[in-house]
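This document starts with one chain, in the form predicted on its own, laid out as structure tokens.
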């Protein structure tokens, strides 16, 4: 199999399961026009996040890493009418693009974007003593992934789902001698998840239009 074949299969599933959606297309176009990095989840991955959020009946979602709000829209659409999503974003420019995309999608009333370093935002959020989150999606700087998992554990409940994106790193995750700090950040997070008795974890490798990567999923006991 080649990357072209992976992408072709991805597009096949999109044609089967994901109807044409001008709102999502506009979100991608706006992100590209603003020259945001094209690192958002693929449509199939966005749909997977949506399905997982519905599976756990998520009413409260925490997203770490907003970018242009593409994954945020997929997650927000899974919420009930009284549901709420908090998304954390470092870059004010990214947050501004995301806010416009969320407003166009009609979900901005259910989504709050908080701007700043995720570690600072998480500390402030925890101090507010929020109700537990039912789902956490971690898709920010990989070097801090363990820290984000630690904070997620403090703000979830038994039955919550924690999803960490981009954990395969094109297979480099198995290289303990990697020169890439992002790989070591992911490895620290995975080691912590594996040793945490409150979590049941698995890893999912993916191929498709975004290449070779994958998720780690953790269910809170």
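Since the structure is predicted, the reported quantities are computational estimates derived from the model, not experimental observations. Positions refer to the first chain, counted from 1.
Here the subject shifts to the form predicted together with a small molecule, a form of this protein not shown in this document.
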- [ ] Answer yes if any heavy atom of residue 160 is within 4.5 Å of a heavy atom of the small molecule in the predicted bound form; otherwise answer no.
- [x] no
Open item on the list: Since only the chain is shown here, I'm wondering whether residue 139 would be in contact with the small molecule in the predicted bound form (any heavy atom pair within 4.5 Å).
Closed with: yes
Task: 4.5 Å heavy atom contact, residue 39 to the small molecule in the predicted bound form - done: yes
Open item on the list: Considering non-hydrogen atoms and a 4.5 Å limit, does the small molecule approach residue 156 in the predicted bound form?
Closed with: no
- [ ] Note which of 182, 59, 50, 188 lies within 4.5 Å of the small molecule in the predicted bound form, where distance is taken over heavy atoms; exactly one does.
- [x] 182
Open item on the list: With the distance limit set at 4.5 angstroms and only heavy atoms considered, check whether 77, 84 and 134 all reach the small molecule in the predicted bound form.
Closed with: no
